[in-house]
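Coming up is one lone chain in structure tokens, specifically the form predicted alone.
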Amino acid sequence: MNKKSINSVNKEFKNIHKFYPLSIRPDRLKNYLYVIIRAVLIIGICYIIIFPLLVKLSSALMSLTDFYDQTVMWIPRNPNLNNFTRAFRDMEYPVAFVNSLLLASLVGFLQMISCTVVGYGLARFKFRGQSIIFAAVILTLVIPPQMIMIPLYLNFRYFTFFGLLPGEGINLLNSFWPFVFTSLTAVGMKNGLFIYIMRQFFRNMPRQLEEAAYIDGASPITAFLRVMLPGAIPALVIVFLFSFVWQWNDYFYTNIFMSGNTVLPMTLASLRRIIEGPQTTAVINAGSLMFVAPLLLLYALLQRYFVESINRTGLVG
């Protein structure tokens, strides 16, 4: 075979390779299969997560005739916002929303401060009993809250501040004070996890930063506030957002401490007792969507900072 024939064969091979890459290059085939499998998994997981919201939205938009129409499955024939209007009225949504926003913001801010201080102390200082204290912090994650329900209730119902107040003390129930005290002392809901997050973050920060501050004459408090704390912004964002979301969704502690107050978890739970009739489920679904909508909006606005903070704190790996 002469040189001209060889060049012609090579040219034909390149043309075939160009038009049939999958049959010629198995490495590309593997990449395409990986992309397809990953897309199918992501779509399936997203469907599992979004499916309950779609069901609630479809039910909340249905009218009374749609409930009796056997042909209506997903898309209502006569969609309306009457269920949302009724849930808005019966839940006292404006007042409950403001109260829940204030409570969740206050608890998130106080827990962020207290857990940061405790986590920094466990990460940077050596003292007797440090390991025992940290083990107790981790142990709080596995203790069911039902075990401490009665002591917590009695403590804030007859609050004597270590016996210093006379008589039966002060009744702090149906107020923000139980959440304030538990958040300030780092013994609130999920505080063991928040302390662990802050401890691990501060342990991974270089000690040279503190040593340089000490050489310049800074005290431990000054080094913490001016050197270490600014570098811990990602962990602070994580703790605040987690605390805010968990407090917003909390019904257990809210029912114990604020059963008589107008907050969203309590008003949403009361819908089932207030509403009667065939559209009870639809109104409850509408109220559930109104309950979760602020969290979805919060995540949409802070998604970039939230994902970045999780990556920098190492929670995913």
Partner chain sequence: MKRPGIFKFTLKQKINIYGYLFTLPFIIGFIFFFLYPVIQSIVFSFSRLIITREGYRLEFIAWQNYNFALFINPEYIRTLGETVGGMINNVVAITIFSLFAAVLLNQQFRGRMLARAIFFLPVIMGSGVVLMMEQGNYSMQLLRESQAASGIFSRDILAGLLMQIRLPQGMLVYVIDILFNITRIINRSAIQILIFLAGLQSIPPSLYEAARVEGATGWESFWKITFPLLSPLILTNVVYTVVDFFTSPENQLVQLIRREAFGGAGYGVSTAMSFIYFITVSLILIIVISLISRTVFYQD
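Rigid core (definition): largest C-alpha set, two forms, superposition within 1.5 Å. Not measured: the values here are computed from a predicted model. Positions refer to the first chain, counted from 1.
Beyond the structure shown, there is the form predicted together with its partner chain, which is absent from this document and is the topic of what follows.
- Only one of I275, L61, V292, M258 lies close to its partner chain in the predicted bound form, with a heavy atom inside 4.5 Å, and it is V292.
- Between its partner chain and the residues M228, A213, V137, A96, the one pair within 4.5 Å by heavy atoms in the predicted bound form involves V137.
- Contact annotation: P79 falls outside 4.5 Å of its partner chain in the predicted bound form, judged by heavy atom distances.
- Using a 4.5 Å cutoff between non-hydrogen atoms, T71 does not count as a contact of its partner chain in the predicted bound form.
- Proximity of S131 to its partner chain in the predicted bound form falls outside the 4.5 Å heavy atom cutoff.
- Contact annotation: I75 falls outside 4.5 Å of its partner chain in the predicted bound form, judged by heavy atom distances.
- Counting a residue when any of its non-hydrogen atoms is within 4.5 Å of its partner chain in the predicted bound form, the hits in 275-301 run T281, I284, N285, S288, F291, V292, L295, L296, Y299.
- With a cut-off of 2 Å and the rigid core superposed, F51 has a Cα displacement that falls short of the cut-off between this form and the one not shown.
- After superposition on the rigid core, the Cα atom of R38 is displaced by 2 Å or more between this form and the one not shown.
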